[in-house]
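Shown next as structure tokens: one chain only, the form predicted alone.
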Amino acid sequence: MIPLLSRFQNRLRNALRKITFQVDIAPRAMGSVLISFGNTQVICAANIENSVPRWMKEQGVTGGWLTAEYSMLPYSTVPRKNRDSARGKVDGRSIEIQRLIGRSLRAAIDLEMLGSRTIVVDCDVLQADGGTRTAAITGASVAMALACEHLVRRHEISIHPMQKLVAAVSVGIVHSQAVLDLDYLEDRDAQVDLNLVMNESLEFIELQASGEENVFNNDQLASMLAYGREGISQLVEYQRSVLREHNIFIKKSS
């Protein structure tokens, strides 16, 4: 177990790891970004198809749809992780995470404004060191904004359909103290693990919290949420900075 005063690079308890975005990492995608949360690296790519799922047509559901896929590349972990195709099925953890990504992003977009189109977001983990799902959501929000901008610039839609940016961060209780943005070793030793998804107005989209064979009280939950809000605010600023560099300005809905 690592003493709290020895967080990697002497990081403060309420500090994020180094966050970076590399845009257009996948040139054939309509929007893509390589996002890094410290040593965790995830490629997020978004494409838009001019069709919707069959169930929407059968049920008469108007507007568009968004779906997500998530996978960890074999060399993203030690030991090597076998590909899902080699195992013959997608593992339960991947299914859970890609559903979380989809729910999170659908809370950020006006699907009616999208029209009869489907946004497909792919999140592939290049390197895992804790927080892969939160990095995937944060990066996918930027990739989706880039992809939707293509529709606007081609005059296929008049207004950008994204309503608000979405970001996610992990928080936990390690050695009885709240810490923000856990790396793998901290996550491994955490007494409580919490994943927080919010939009840029700091409204909740999803909160996943569990005691790892432990319990937590109101004060600890309040501390984790306070740290989480700080982290989300910083992540949104990073996202907006990246989008500004590409002349994309998403007007926050009220």
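Quick note: we count residues from 1 along the sequence shown, nothing fancier. What you see is a predicted model, and the numbers here were worked out from it, not measured in a lab.
There is also a form predicted in complex with a small molecule; it is not shown, and the following applies to it.
A residue is said to contact a partner when one of its heavy atoms sits within 4.5 Å of a partner heavy atom; S176 fails this definition for the small molecule in the predicted complex, lying far away. Using a 4.5 angstroms threshold between heavy atoms, M72 counts as touching the small molecule in the predicted complex. When the small molecule is considered in the predicted complex, S116 lies well away from it, no heavy atom lying within 4.5 Å. Within this chain, T132 lines the site of the small molecule in the predicted complex, having a heavy atom no more than 4.5 Å away. Here the chain stands by itself, but in the predicted complex one stretch of 140-148, 153-161, 102-110, 179-187, 179-187, has heavy atoms within 4.5 Å of the small molecule.
Each of T77, K81 and A128 is positioned with at least one heavy atom within 4.5 Å of the small molecule in the predicted complex.
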